[in-house]
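Single chain ahead, written as structure tokens, the form predicted on its own.
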């Protein structure tokens, strides 16, 4: 009897790593995720093929809009940075917002969230588990655009011996050019994590995934409109999208870090606020 009484109790909760891995596998099996990743892979391919066939649009080369795309012609390593900038305007946020909507609101819509809430898993651990799947989608989405962009740029567009000609007129070697691409990719991931945190917070308050998509994408559009109004310039430090043009700074030499750092800090604030709201809501949610 004494031996039975002192036996170590059986653990009833699964390790967090195992839960996160299971969530990641489930997310990557969703057809929506695979379709969106395939569409993202087409962005640099379509951009590169179009520029290779037409020679690229005209532009003043100032790093904004068509001027940036014009830099890709004969300068293939600029392609992944241009593709990331274009995808960040809609397709990348749509991808992470979809994953966030499926993570909580989608589970609630299918009736499976109540089972997760009743399972022997802490609410904070549940949020971490769901966030792991969303973060994985964000990282994979950026990697797809960046890697396919580099390959397309080198094979289809070409360039001066695998080097990058910056907007400042200087030439960067292959290693430094790939480092600039990696910098923009990492910066883009942080911006997407901010979008994902907000989307998860909205997802925690609803059972309808479409509401999450409408709220997040609509909010990004409103942010863009507010940023374009000169009289509301004082709002710029508060708007997530106001720093989304900073990725083109990676094409300047020397590299200016001011806008990249400020937009990263702004995105991290959104991440913290979104995560806090999600955890608080999930602790109080019954199903």
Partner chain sequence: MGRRSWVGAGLGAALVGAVGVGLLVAPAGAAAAPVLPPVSPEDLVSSVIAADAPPLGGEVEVDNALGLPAVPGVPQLANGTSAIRVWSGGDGRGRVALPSADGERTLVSDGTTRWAYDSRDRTATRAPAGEGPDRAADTQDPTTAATQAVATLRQSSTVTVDGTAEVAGRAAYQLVLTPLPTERTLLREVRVAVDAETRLPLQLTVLAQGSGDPALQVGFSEIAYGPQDPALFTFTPPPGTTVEDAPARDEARPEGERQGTTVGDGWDRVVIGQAPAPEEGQARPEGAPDLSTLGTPISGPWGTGRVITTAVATVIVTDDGRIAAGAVPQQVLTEALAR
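All values derive from a computational prediction rather than experimental measurement. Numbering follows the first chain given and starts at 1.
Just so it is clear, the following notes concern the form predicted together with its partner chain, a form of the same protein that is not shown.
Only one of 41-49, 219-227, 244-252, 27-35 gets a heavy atom within 4.5 Å of its partner chain in the model of the complex; which is it?
Contact-bearing stretch, as computed: 244-252.
If the cut-off is 4.5 angstroms on heavy atoms, which of these, 160, 179, 173, 186, is the one near its partner chain in the model of the complex?
Exactly one listed residue reaches within 4.5 Å, namely 160.
Tell me, which of 152, 191, 71, 98 has a heavy atom within 4.5 angstroms of its partner chain in the model of the complex?
It is 71 that has a heavy atom within 4.5 Å of the partner.
With the partner left out here, check for me: in the model of the complex, does some heavy atom of residue 272 sit within 4.5 Å of its partner chain?
Taking the distances in the model of the complex, the answer for residue 272 is yes, it comes within 4.5 Å of its partner chain.
Would you please decide whether residue 167 lies within 4.5 angstroms of its partner chain in the model of the complex, comparing each non-hydrogen atom pair?
Within the cut-off, so yes.
Is residue 16 a contact residue for its partner chain in the model of the complex, using a 4.5 Å heavy atom cut-off?
Although its partner chain is absent here, residue 16 would stay clear of it in the model of the complex, with no heavy atoms inside 4.5 Å.
Do residue 21 and its partner chain come within 4.5 Å of each other in the model of the complex, heavy atoms counted?
No, residue 21 sits far enough from its partner chain in the model of the complex that none of its heavy atoms falls within 4.5 Å.
Interface residues of 213-245 toward its partner chain, as seen in the model of the complex [heavy atoms, 4.5 Å]
Going through 213-245 in order - heavy atoms within 4.5 Å of its partner chain in the model of the complex - the hits are 237, 238.
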